[in-house]
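The chain below stands alone and is given in C-alpha cells; this is the form predicted alone.
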C-alpha cells in the first residue's frame, strides 16, 4: 500500500515527488521510457522558455538550474507579429532558454531515492475501495495493480486521471500544438509571437535554439491542422524565414481554460496538479509556472496529512484560480484583431530596435 501514487513525472509530478518523497511512501509513474536506460529524449513538445513567473516559482523552491539544461541564446526580446496587418512590435522580456528534455531530466534527478519510480508505465484506470484506491497500470504489455491512499493526477492536458474522476465535467478548449525544428545558423534572437486569424485564434511562435529554430502553432485539432500549419510556413517563408532543413516534428495538446468549471483540483482521496487540473495561462499557454506553483500547493496540503488534503489544496490554489481568470480578462486585448492592432499601433510598452 502506497501513501501516494503520482501519475505523470513532468514538472508538476516530479516537483511534488521531490517535496513529499521523504514524508510518505510514494510511487511516481510515467508512460515515457526511462531515458537513463534507453538514451531517448525525455521531454515534450514545448518552447522550452522559463517565463518570469516560472523563474520565481523555481526560486521559491531554492532550485538552481544546471548549466547543461540551458541552451542559447537567452531571450531578452519578444517580437509580436500581426501578419494580416503587416505590423510588428518589440517588447522587452526575459526568458531563460532551456533544453526541455534535459530540463525534465534534471527535475527527475531531484526526486529523492526513497520515491519508487516506474517509467514506461501507463495508467489504465482505478476503483475506490473504502479509504483507498486500486490503480491499474500497464507496463511492457503486462497489467499491474497497486493500492494507494491518495492519487495525484499530474498527467497533463490529456489527463486520464481527470477523465476517470470527472467524466461529465466540462473541459477547457483543447488545441493541438504542432512544432517543427529547423537548422538555422543565424536565427534572430527573439521569441516571436505570431498572430493570424486565418491560421488560429490563438498564436504561433518561433524560438531560436543553438543553431536551430523552433516553429510552432496552437491549432484547432482535426483535419485542417496540417493545412493551417503549412499555410503558416508559407507566409513566414515569404517574409524571409529559411525553413528548408527540417530536423524533427512533434506535437502535444494544450488546454485553454476560460471559466472556473474548467479548473478542477480533485475530490476525496485525489488531487489534480499542473495542466491535468487546467492550470495553464489562457493568454500565453505558459504552463511551467502553474505546474510548479500547483505542485507546491499540493505539497503544503499533504504536509499536514493525507486526510482532507484535497480540501486544503483547493483553498491553497484559490489565488492560482484568480490568476487564470485575470488572464482571461487580458486575452481579448491580445487576440481580438481590432484591439490588438490598436494597441500595437499605439506602441504602448514597446521599444524601438537599434538596427545599427
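Just so we're clear, the structure is a prediction, and the values are computed from it rather than from any experiment. Positions refer to the first chain, counted from 1.
Keep in mind the form predicted together with a small molecule is missing from the figure; the text below concerns it.
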Item to complete: Note which of 117, 285, 75, 80 lies within 4.5 Å of the small molecule in the predicted bound form, where distance is taken over heavy atoms; exactly one does.
Response: 285
Item to complete: Find the only residue in 236, 253, 71, 225 having a heavy atom within 4.5 Å of the small molecule in the predicted bound form.
Response: 253
Worksheet item: So which of 63 to 71, 47 to 55, 299 to 307, 324 to 332 is the stretch with heavy atoms within 4.5 Å of the small molecule in the predicted bound form?
Response: 47 to 55
Worksheet item: Should residue 32 be classed as touching the small molecule in the predicted bound form when contacts are defined as heavy atoms within 4.5 Å?
Response: yes
Worksheet item: Is residue 105 a contact residue for the small molecule in the predicted bound form, using a 4.5 Å heavy atom cut-off?
Response: no
Worksheet item: Any of the heavy atoms of residue 10 lying within 4.5 Å of the small molecule in the predicted bound form?
Response: yes
Discussion item. Contact with the small molecule in the predicted bound form for residue 100, defined as at least one heavy atom pair within 4.5 Å: yes or no?
Written reply: yes
